[in-house]
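Next up: the same protein chain in two forms, each one alone, written as structure tokens (structure 1, then structure 2).
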Structure 1
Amino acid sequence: MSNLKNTLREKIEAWRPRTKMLLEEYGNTVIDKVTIGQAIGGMRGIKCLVTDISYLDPNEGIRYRGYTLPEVFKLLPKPKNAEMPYVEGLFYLLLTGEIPNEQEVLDLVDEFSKRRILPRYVYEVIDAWPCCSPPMAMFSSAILAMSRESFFAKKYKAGINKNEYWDPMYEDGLNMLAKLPEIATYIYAKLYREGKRIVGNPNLDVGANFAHMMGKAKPYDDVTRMHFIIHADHESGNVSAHTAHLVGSSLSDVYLATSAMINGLAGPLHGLANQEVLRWLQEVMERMGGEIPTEEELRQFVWDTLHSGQIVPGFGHAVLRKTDPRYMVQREFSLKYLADDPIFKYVDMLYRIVPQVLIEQNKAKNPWPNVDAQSGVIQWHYGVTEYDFYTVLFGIGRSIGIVANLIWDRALLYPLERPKSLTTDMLEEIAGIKEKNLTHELGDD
């Protein structure tokens, strides 16, 4: 058994009594009340999910296992001559809560490398898609197809003890994560490089191998590490993480749950926003004939977008109430490496203008930029200009957190998710307005 799996087994055994005691002795303790606004309004703020992988504070931003992003970037081991840490090290941290040492990360780099080869039929599934298909749909289907490899499904059929569910989930999770860069770069080559694929190099870590398969020179390896690390997890209520948890709660395997989460990530209010930002910027540039607009012109463009009933992509958030630290990590990188890029200048201007406009409009609860406002611009700068592909990159990163969560979901035996719904009539009764309406109908007021 690998060192990581041994460490994880010890952690799981130590953790289980905490969950058991909370359930058995404090199961009726009230956390929060739920309002009608929350029931209709997308369950904002209802505290009804548990995860120890990450926590999102509205005013501070994300912490992975208690560490802020700057701490994560500082503490995790880095490859030689790299500015950003190993992606594999982040997976170790999310899974165990511990910062791995160099050797622990290298063991995991080796594990990922050994598990990265794709079954042939995955290429065939991708090839079966008609030309110009959406990359996220292709990505989701390729992951879904691999469900036939699931150890968990096989073990379940054979009658595994539920206390051991997490073990085949771990195997499936690692197998899948190791393959995602191969799948994504194959889709990229098929869609945008006339099928000319660059074969992976087993001697490289995930970040460097991804850059290699994309045909990109340094520092794209660091761009990739940064990208995958900042997108990995955002606690469990966001659409992608929640979808994976929900689907996994019926004991669906990792492939089924991850494919579903990719479909949720593909919506423009969630992960697709990163490519929407580029599409929207292209419109501005077209309107400006390629010239950099003045602040006044850009402000007008933002207002025109709002007045036409559209959203400004890359700004706002359902939980955050400040600038997303994931945005700031990328902004710092951009200020260092792409400060003179015209498209970064647009983004920099938007950073100053959009929040003022959203505050003036007085609708968005959070006028500040989120992760998606900046990520596409970095990709564009390094020559990945096919912005339809950007959400696939988000999807690889997000899968790291998804897998860590799914393994722990199984380890702590979180049950089938099944909240209760009410009818509108019932809400009106709870609000006390149904009776009023009846009285009105009877002409009794």
Structure 2
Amino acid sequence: MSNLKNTLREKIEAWRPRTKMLLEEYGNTVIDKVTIGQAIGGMRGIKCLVTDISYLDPNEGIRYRGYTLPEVFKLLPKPKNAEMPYVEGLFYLLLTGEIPNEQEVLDLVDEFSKRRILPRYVYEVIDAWPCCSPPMAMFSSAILAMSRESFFAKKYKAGINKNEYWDPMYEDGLNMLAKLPEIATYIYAKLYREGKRIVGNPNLDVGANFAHMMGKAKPYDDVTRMHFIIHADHESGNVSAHTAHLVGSSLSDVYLATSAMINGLAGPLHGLANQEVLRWLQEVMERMGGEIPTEEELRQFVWDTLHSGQIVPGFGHAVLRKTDPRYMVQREFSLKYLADDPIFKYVDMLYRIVPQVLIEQNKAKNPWPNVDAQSGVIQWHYGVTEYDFYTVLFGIGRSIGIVANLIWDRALLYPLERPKSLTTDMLEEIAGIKEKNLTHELGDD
């Protein structure tokens, strides 16, 4: 058994009494009241999910196991000659809540390398898709196909004790995460590189190997590490994380739950924002004749955009009340490596202009840039110019947090998720705008 698995077992055994006591002694304690607006409006803001993997602080941004993003990037071990931490180190942190040392990370790098080989049938599933197919649909189907490999499904069928559910979920999770870079880059080669695949290097960490298979030189390995880390988790309530939690609550395996997560992430209201920001930026550049405008010219363009009833994509966030720290990590990288890129010059100028304009407009609760305002621009700079593939990159990163959450969901024996629904008639009665339907209750006689 690996050191990580032993550490995780100790964490689980220490944590279970906390969850048990909350259920048995405080299960009726009221957390929050639900309004009709929340019930109709997508359950926004209702406090009814539990995860210890991450928390979205309105003022500090995402916290991974209590650590802010700047702390994560500072404390996690980094490969030699790299600026960004090992992706494997983040996974260790999300699972255990502890910052790993270098040897613990290297052990996990080796563990991922041993599990990275993709079954032949997965390549065949991908190859079966016709050209010009949506990469996210291909990605989802390839992950879904691997359900036949699930240790959890086999153990459950054999009658495993429920207290050990987390163990085969752990094995499935590591097996799947190790294979996602190969799946993604094979899809990329099929769709955009005439099928010319670059074979992976087992001696490289996840970030470096992904860059290698994409055919990108340094510092794209750091771009990959940065991208996967900042997108790894975002609490449980967003569509992708909640979808995985919901499907997993039925005791579906990691592959089934992650495939479902990918489908949710593919929706335009969730995972497509970064490519929409980039598309909007390129449209702005075209309207400006390809020239870098003055700040006053760009300010006027922003005002014209708002007055026309449109939004400035990449600014604002449902929870955050400051600039997204995920944006700032990318901005600092871009100032070092993309300073002369014309698109980044627009991004840099918008960073200084848009928040002031939105404050003057007095409509946005959070006028600051979010993670999507920058991520597509960086990919474009390094030659990944296919918009539709950006969400696949997002999906690899998000899977890291999904796996950590699913393992802990099974470790703490979280039950099947089953909220209760009401009818519109019931809501109208609760609101006092409709009399109780006596005819329906008493009958027509």
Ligand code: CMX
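Numbers follow structure 1, counted from its first residue as 1. Being a predicted model, the structure only gives us computed values, none of them experimental. Heads up, when I say rigid core I mean the largest set of C-alphas that superpose within 1.5 Å between the two forms.
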- Message: Two copies of the same chain, shown separately. Which of them is the form predicted on its own?
- Response: 2
- Using a rigid core alignment, state whether the CA of His307 is displaced by 2 Å or more between structure 1 and structure 2. yes
- Message: Quick check on Leu350: with the core superposed, does its CA move 2 angstroms or more between structure 1 and structure 2?
- Response: yes
- Message: For a quick test of reading the superposition: does Pro293 move by 2 Å or more at the CA between structure 1 and structure 2, rigid core aligned?
- Response: yes
- Note on the structure: Between-form comparison on the rigid core puts the Cα shift of Gly316 between structure 1 and structure 2, in Å, at 3.2
